[in-house]
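The data below hold one chain only, encoded as structure tokens and taken in the form predicted on its own.
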């Protein structure tokens, strides 16, 4: 279904910070979500792991549906063979769904099927389709899929657990990805996921990422409200500095 309105919304506001919900205090999730909303966060990131695609099992569509929030639900499927599972996540209220190029044999079919589904939150909004690549996967693997996606995410850690260190080669890979997208003539959002902290979020924003996924850094130390505001402001200022220098 049509997702241009949602795409345009994110494009205009980039860079955006998507906050990983699993890093919150799940026993006080409502309070933490309220803090994120007050901070102005717009994207809530769900890391869905099945224990097969990567070495951890997290949550499923029931959890995604149970989370009540005004934030857009950004669902990252780190699961094997996601085709038959897409409908359950759409029904759970996903606004954005990202699958891994490494997760199945027929990734193109998965993306096509997702493109035919309707957003249960707002049928006019559509669902943004994303593709993600692990750090060791060549950037060229997304070339045949660019006509079927609105987002491409590069993982800056190996999937499976939080708290890992940002892999420096992500910067080179993002530049390569941006050049590929530009050559294709398509307008596609880029994202970086993994190892994002308050210390390096400015560097990642200056790399040109449209969506920056972070988790534990928001919920560590001070309140999530203060941390989220600080990281969003830092990313925005870093991106503005690049635009200013470019002119």
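Values in this document were obtained by computation on a predicted structure and should not be read as measured data. Positions refer to the first chain, counted from 1.
As for the form predicted together with ligand DX5, it is not shown, yet the points below apply to it.
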- Task: Answer yes or no: in the predicted bound form, does ligand DX5 come within 4.5 Å of a heavy atom in every one of 7, 95 and 97?
- Result: no
- Query: Pick from 209 to 217, 24 to 32, 65 to 73, 174 to 182: which stretch has a heavy atom within 4.5 Å of ligand DX5 in the predicted bound form?
  - Reply: 209 to 217
- Message: Even though the partner isn't displayed, in the predicted bound form is residue 155 close enough to ligand DX5, meaning a heavy atom within 4.5 Å?
- Response: yes
- Task: Give a yes or no for residue 164: in the predicted bound form, does one of its heavy atoms lie within 4.5 Å of a heavy atom belonging to ligand DX5?
- Result: yes
- Query: Just to confirm, residue 61 within 4.5 Å of ligand DX5 in the predicted bound form by heavy atoms?
  - Reply: no
- Query: Wondering, does residue 135 line up within 4.5 Å of ligand DX5 in the predicted bound form on heavy atoms?
  - Reply: no
- Of these, 159, 126, 82, 130, which has a heavy atom no more than 4.5 Å from ligand DX5 in the predicted bound form? 159
- Scan 78, 170, 142, 90 and let me know which has any heavy atom within 4.5 Å of ligand DX5 in the predicted bound form. 78
- Message: With ligand DX5 taken in the predicted bound form, which residues across 28 to 67 come within 4.5 angstroms through any non-hydrogen atom?
- Response: 45, 47, 49
